Structures are given as structure tokens and as C-alpha cells.
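This document starts with one chain, in the form predicted on its own, laid out as C-alpha cells.
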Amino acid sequence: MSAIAAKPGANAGSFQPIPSVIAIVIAIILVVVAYFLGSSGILAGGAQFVLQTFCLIILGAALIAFGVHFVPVGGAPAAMGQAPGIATGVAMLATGAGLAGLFGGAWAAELGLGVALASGAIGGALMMAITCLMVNISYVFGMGIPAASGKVLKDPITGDLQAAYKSQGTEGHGLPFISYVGGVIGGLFGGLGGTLIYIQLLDFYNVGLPALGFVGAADINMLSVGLAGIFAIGMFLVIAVLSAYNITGTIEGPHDPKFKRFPRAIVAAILASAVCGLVAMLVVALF
């Protein structure tokens, strides 16, 4: 049975309204809790600042969850030329792209929010572009395998026919153009979301640590950078693993039927980031 004929199996993991509504309600409650902690002075900076920081952290997590679904991941079958995508796991690849962007954004943090976000997005996209290019070079020139999708008859962007290049008994191989573009877009969203979380936590710690009696700009900045980096990376890993669980296995990119599952991953990311974000902010209050 070809991968195209096996499409009904990919409909698993449909959006579930009741659990999603419950998750959103819990996330809203946590937003209200954060606002209360800011207005009562437990979290420094005031209610408005705390609320803005908290909501942008959640937005960053949603961007990461959405971006992961663009990334073409083929897993072990891809290593054997039996499935399109990069031969690694969803969480590992998403983390690599996101961290590349996050490091770029952290480097540019002193240049302003816009420059930092752009650096993070470009860093993540660049990492994925290089990775996808090397994968296709390995496939085409190292293994003699052309790039072909098993999920669509034509590439949605170029219109190139796929079946003529697909080997029998496989789900496709290599990275067709749509998968390559999807990987770059996924890296862009991942880097953007990860950097947004980092910048928000950095600003929050820079405000919160002096209010708790920490003195010395250099010491405060060093501690803020360390804490923001630790929690931003941790939250990125949480969201990447949640998205990997939502995808369950491999995905070719935005043309893959599994891509339609992204709303469920975004809901899960909103709740998970609300919990993790509140913990990351409360760390300052516990000093």
C-alpha cells in the first residue's frame, strides 16, 4: 500500500474540543493569578508589566509549537531512504533549530527587541536551511536517491510530479522543495518564539532582581542572562516534546496530513507555557 493510499491513518489526532476548552480555561486562570501576583507586589514590575511578560511568553510557546509542525522529520526510515525528511526525531530537530535561533537572539538582545527577534528567527531558519541542504546533498550525491514526496502527487509549490521519482515500497525520500521550504519556515517560527520567551524573561529578571536587593549592574545582568537562558531552553524543550508527541512519528512538512494537528499542539503549548512561565517568574519572588 502506498503512502498516499494510507492517508486515512493520518487523520488520527484530531482536535478535541472539551480537553482543549479545559486547557484554555486553566491557562486563563493562571494569567489571572499572574496579574494578581503583579498587582500585589509579589512579582516586581507591577500588574501591567507582569501581565505583558506572561502573555508574551505564552505567545512565544505557541509560535514554537506551530513552527515544529513545518519541520520535515523522517526518523529512522529516512536514514534508509524509505521516507522523506531528516533522519532524526521531531524533538531533537526542533530543539536544534530553536536553540540556534535563541542563541542568535540572545546575542542581539542588547540591540533592541526588534533586532533580537529578527536575529532569533533568522538564526533558526538558517540552521534549518543548512541542515536541509546537507540532507539533500547526502541523498542525491551520496546515495543516488532523488527527492520525492509520498504524501502528495505534485509538489504544492513547484508542481513537480512526485510519483515518477518515488521508489516502490517507500514513502518517498529526500527533501522535496515543499519540505525544504517548510523546514526553513519551521526554524524561523521556532527561533522567533524561543527568542521572545528569552527576551521577556530577561527583562523581567532585570526588573525583579534589583527590587529584591541585588546590587551591581554587572552581577544583576549576569544572573538575569543565566536564569533567562536556563528557563527559555527548558521551556523550548517542553514545547518541542509536546509537539513531537502530537505529531507521533514522522512528518514531511506543511503538505503532510499531520500538519492539520497543529491547533491541538498550540493549545497544549499555551497551558504548558503558562505553568512553566509562572514558575520561572516566581523563582525571583522566592529569593
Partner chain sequence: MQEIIIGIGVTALAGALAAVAGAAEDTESNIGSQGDPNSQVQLAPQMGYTHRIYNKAVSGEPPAYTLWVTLACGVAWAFLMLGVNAILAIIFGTVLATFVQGVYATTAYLGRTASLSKFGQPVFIDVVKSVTTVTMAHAFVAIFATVTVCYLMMTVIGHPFALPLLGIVWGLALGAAGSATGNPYYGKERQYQNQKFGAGVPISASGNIVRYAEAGQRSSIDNGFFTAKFGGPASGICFGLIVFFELWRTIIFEDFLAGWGAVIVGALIIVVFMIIDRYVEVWARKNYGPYTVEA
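Small disclaimer: the values here were computed from a predicted structure and weren't measured. Numbering follows the first chain given and starts at 1.
Here the subject shifts to the form predicted together with its partner chain, a form of this protein not shown in this document.
The closest non-hydrogen atom of G45 lies beyond 4.5 Å of its partner chain in the predicted complex. Mapping the unseen interface onto this chain, G186 falls outside it, with no heavy atom inside 4.5 Å of its partner chain in the predicted complex. Though the partner is left out of this view, G41 does not reach within 4.5 Å of its partner chain in the predicted complex, counting heavy atoms only. Proximity of F103 to its partner chain in the predicted complex: non-hydrogen atoms within 4.5 Å are present. Contact with its partner chain in the predicted complex, defined as any heavy atom within 4.5 Å, is confined among 31-39, 257-265, 223-231, 61-69 to 223-231. In this stretch, 16-32, not one residue has a heavy atom within 4.5 Å of its partner chain in the predicted complex; the partner itself is omitted from this view.
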